[in-house]
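To begin, one chain is listed below as structure tokens, in the form predicted alone.
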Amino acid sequence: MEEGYTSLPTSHLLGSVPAAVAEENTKGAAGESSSANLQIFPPANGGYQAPGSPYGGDDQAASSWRGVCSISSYSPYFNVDTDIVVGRLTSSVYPMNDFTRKIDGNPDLYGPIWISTTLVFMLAALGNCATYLMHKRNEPDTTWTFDVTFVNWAACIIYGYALAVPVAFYFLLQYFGCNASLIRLWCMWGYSLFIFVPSALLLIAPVEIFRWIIIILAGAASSWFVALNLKSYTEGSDLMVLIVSALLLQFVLALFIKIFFFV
């Protein structure tokens, strides 16, 4: 054998082959694992994984607030089409329909938010229009000015009522041992305000007795709708006081709309 060349034992060469194959298998398994992880990326709920979920661990417990701040957590409550919303609007006008049964599988917040926002702008605009007509009828020679504070008052009253009252009744129902859902209560109370939207159009008429008839009918229908659907949460319990309280609150809201915006 020539100088400069060193021969390696045959057994050493054969031993290096299984090691190389094992290393390639390890890299292949790591690549498949990375590929499998990429298939579930991005994870559900906008990156939030609850503790105990398949891809989430106990380390997520400290950051569980991310689910509340994630937009995707609220997307199921806006997963409704026009036909569903129209059907629920119709049920809110005809209180004898079983509205609770219709929203049981899919309560939405799209309808309540749309109704509340529409009602805010209609009360602000039509309330000023109604006061203008009454002013021109009773005092045609004096100057009339637009009351921009109607927008602030309407937003505070409608949004505050639609948000706070269901929360209050939710805690009351929980306190008395009734199984209630806050989302369903928000949905029900939001749709109960729809009847005031067409009523606001009729309240423009500068005839006081006609306005009172319209608001009493609208308030009675809306109050009966709330009481009828709230009763489904209190079956088997003697909580008539809660139902009557909800009915009176709804009717007081109707009277406030008439007295404040359509004087």
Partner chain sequence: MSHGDTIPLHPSSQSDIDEIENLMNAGPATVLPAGPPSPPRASIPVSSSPFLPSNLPPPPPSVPAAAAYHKAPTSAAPPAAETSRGGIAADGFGSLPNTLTEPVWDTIKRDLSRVVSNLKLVVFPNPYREDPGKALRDWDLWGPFFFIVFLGLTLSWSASVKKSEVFAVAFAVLAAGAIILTLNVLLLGGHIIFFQSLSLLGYCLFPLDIGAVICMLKDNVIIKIIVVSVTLAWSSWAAYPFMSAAVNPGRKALALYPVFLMYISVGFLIIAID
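All of these numbers come straight from a predicted model, not from anything done at the bench. Residue numbers count along the first chain shown, from 1.
There is another form of the same protein, the form predicted in complex with its partner chain; it is not shown, and what comes next is about it.
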* Proximity to its partner chain in the predicted complex, single hit among 139, 98, 104, 147 (heavy atom within 4.5 Å) -> 147
* Structure fact -> Note: exactly one of 90, 75, 174, 181 sits with a heavy atom within 4.5 Å of its partner chain in the predicted complex, namely 75
* **Heavy atom distance at most 4.5 Å to its partner chain in the predicted complex, all of 196, 245 and 250** => no
* **4.5 Å heavy atom contact, residue 131 to its partner chain in the predicted complex** => no
* To do: Report yes if any heavy atom of residue 110 sits within 4.5 Å of a heavy atom of its partner chain in the predicted complex; otherwise report no.
  => yes
* So, in the predicted complex, is residue 94 in contact with its partner chain at a 4.5 angstroms heavy atom limit? -> no
* Is there a non-hydrogen atom of residue 125 within 4.5 angstroms of a non-hydrogen atom of its partner chain in the predicted complex? -> yes
* Asked: Out of 111-133, which residues reach within 4.5 Å of its partner chain in the predicted complex, heavy atoms considered?
  -> 114, 117, 118, 121, 125, 129
